[in-house]
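In structure tokens, the next block holds one chain alone, the form predicted alone.
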């Protein structure tokens, strides 16, 4: 995820350095070093944490002296709390971000929460940085970040699964795999684009506008969620993901 985000972060004026002992190449305009020792004498306005959670206490303390007095830390490390990150970085201001997979193509939906010591300049820079990868929602607490993780962070998985089932059903109706994907993914893409373009109209109204009484859409919707079972399943899905996000933190 860090590499995917960096492609869009690089569109600004900042100069990025990647510390990675295993990476062989880096994006254009990005400097790659194998270890912290290669840059130990330098100071940075921003340190981005894009490592596995279990590496936080092992790796981050060595970077705490490299953050400038006006700098902040931006973390995309899943399930790693602000308190834990701040402790590893000697009390530095921390902003946590939860991006989702479409950020890899500049269509992400990220959520952001700021810890103690974060000022307006830090916050506005972090928001602007993430807006290069898509849309950003700033939340008020880590609990709300966990909830956003359940909705958007894990959301692409739900959408892929719904699309997979939709395509499979179209195949059973007689279409080839290729034609089923064309019909289903094109329908999803166009429908979502309409909803985004018409943000003043509720999703319920948009649904009703395409549903004629006694027509094919009405029959399909009755089979899909007439008993509210799909609504209940979606609530269960988000609750399960939220509960797990809390456990990981």
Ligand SMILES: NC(=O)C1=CN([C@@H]2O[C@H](COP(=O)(O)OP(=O)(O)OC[C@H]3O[C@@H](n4cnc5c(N)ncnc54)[C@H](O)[C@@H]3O)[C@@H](O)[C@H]2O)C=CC1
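Since we're looking at a predicted model, the values are computed, not measured. Positions refer to the first chain, counted from 1.
Just so you know, the form predicted together with this ligand exists too; it's not on screen, but the next bit is about it.
K.L.:
Residue-level contact is defined here as any heavy atom of the residue lying within 4.5 Å of this ligand in the predicted bound form; does residue 55 satisfy this criterion?
P.N.:
Residue 55 belongs to the contact set for this ligand.
K.L.:
My question is simply whether residue 88 lines the interface with this ligand in the predicted bound form - judged by any non-hydrogen atom within 4.5 Å.
P.N.:
No.
K.L.:
Can you work out whether residue 1 and this ligand are in contact in the predicted bound form, taking contact to mean some heavy atom pair no more than 4.5 Å apart?
P.N.:
Residue 1: yes, in contact with this ligand in the predicted bound form.
K.L.:
Even though the partner isn't displayed, in the predicted bound form is residue 19 close enough to this ligand, meaning a heavy atom within 4.5 Å?
P.N.:
Close contact exists here: in the predicted bound form, residue 19 approaches this ligand to within 4.5 Å, heavy atoms only.
K.L.:
Please state whether all three residues 14, 66 and 112 have a non-hydrogen atom within 4.5 angstroms of this ligand in the predicted bound form.
P.N.:
Negative, none of the three is within 4.5 Å.
K.L.:
Looking at 77-85, 132-140, 160-168, 175-183, which stretch has residues with any non-hydrogen atom within 4.5 Å of this ligand in the predicted bound form?
P.N.:
Careful reading of the contacts points to 77-85.
K.L.:
Out of 50, 218, 46, 39, which one falls within 4.5 Å of this ligand in the predicted bound form, going by heavy atoms?
P.N.:
For this set of options, the contacting one is 50.
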